[in-house]
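Only one chain comes next, encoded as structure tokens, the form predicted on its own.
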Amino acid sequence: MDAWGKRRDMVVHEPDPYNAEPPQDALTDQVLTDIDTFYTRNHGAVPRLDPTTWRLRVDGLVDRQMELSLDDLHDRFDRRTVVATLQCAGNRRAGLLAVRDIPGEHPWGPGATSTAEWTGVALADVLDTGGVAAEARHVAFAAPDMAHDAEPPQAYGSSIEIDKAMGAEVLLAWQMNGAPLPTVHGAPVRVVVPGYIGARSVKWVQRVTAQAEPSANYFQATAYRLQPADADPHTAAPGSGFALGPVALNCAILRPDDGSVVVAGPTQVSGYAFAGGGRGVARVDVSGDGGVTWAQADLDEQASPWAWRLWRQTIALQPGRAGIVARAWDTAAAVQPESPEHVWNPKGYVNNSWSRVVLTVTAAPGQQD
């Protein structure tokens, strides 16, 4: 384990602030991601908060402002558990970097996605206790971690729409996979917003504010917005593009890895598929010839409406080079776009193009090339 309790083969994109994803093979075969394997995205140094003195302030457009301790959350509200996948908006950015450079952004692979069982209390129950005013349209979250990549440098913050905030699935969580929430994942309490990009699930949350407008924090007003391909993110005005919220339909091939050498014959291909916003994954197609012909993969059961689905398909491969492609369909009949060229953007967000790997297939013993 490393200093953050993570496995030593994590792909570390930046040591400080700590940003890392697991090797993609580590995500196969189990619905819940082990805590030591779960990806980590940070914009500032990880704060270490004392749970005995931590307080959550609830304010803004509420009838009663509140200040709640961790014991208050435990004792005054019903406990809830939700299985939910979190996905970084920069997941699979490496595929967009292969199209055109994106200076200053981490080359995330498909491992910036993980699934856990989260336990805490419903944000809606806390807000109901405070009494939300009719004019509230958004709920903003504030945390103490200072982000020096913000302009100007500031503590991290974000917001979600009031309708989402009042959903029973949105949690103020203090447990992850049945264990106390680790510091690097937001202890003592974090927000978990299932179906939305990970940037909205604010860690180390200290303030919840009901308000009429979205958060003015840099990470809501300027970052985590999808800009058109011809935009300059360094000169774009705050509020340009549109804010990323629900996760776009996506899937990734996790095994075998791109560039692998495999033996001709039946080869199992496996991965994950995920659709945010409460949509389900209806189908995953896999092709062994670069997308000319397709076969439907076997899908695991979905652990919750907010979790990914793992899939697998066995393909017969002949000696030579093989282009394996996977694409997902959601329950609204949307399908992933074919090419990363079609979704390239200047911040490298939301690469949900078809997942592709190229394999070298060698002849089996006794088989001629």
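Residue indices: 1-based, along the sequence shown. In this text, all values refer to a predicted model and were calculated from it rather than measured experimentally.
Not on display, but discussed next: the form predicted together with a small molecule.
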Item to check | Which of 259-267, 86-94, 125-133, 228-236 sits within 4.5 Å of the small molecule in the predicted complex, heavy atom basis | outcome: 86-94
Checklist entry - What is the one choice in V184, V99, I162, L244 with a heavy atom within 4.5 Å of the small molecule in the predicted complex? => result V184
Checklist outcome for this item: in the predicted complex, the residue from A199, L254, A297, L172 with a non-hydrogen atom within 4.5 Å of the small molecule is A199
Item to check | Heavy atom of D145 within 4.5 Å of the small molecule in the predicted complex | outcome: yes
Item to check | is_contact(R312, the small molecule) in the predicted complex, heavy atom dist at most 4.5 Å | outcome: no
Checklist entry - Quick one: is T40 in contact with the small molecule in the predicted complex, heavy atoms, 4.5 Å cut-off? => result yes
Checklist entry - So in the predicted complex, does any heavy atom of W204 sit within 4.5 Å of the small molecule? => result yes
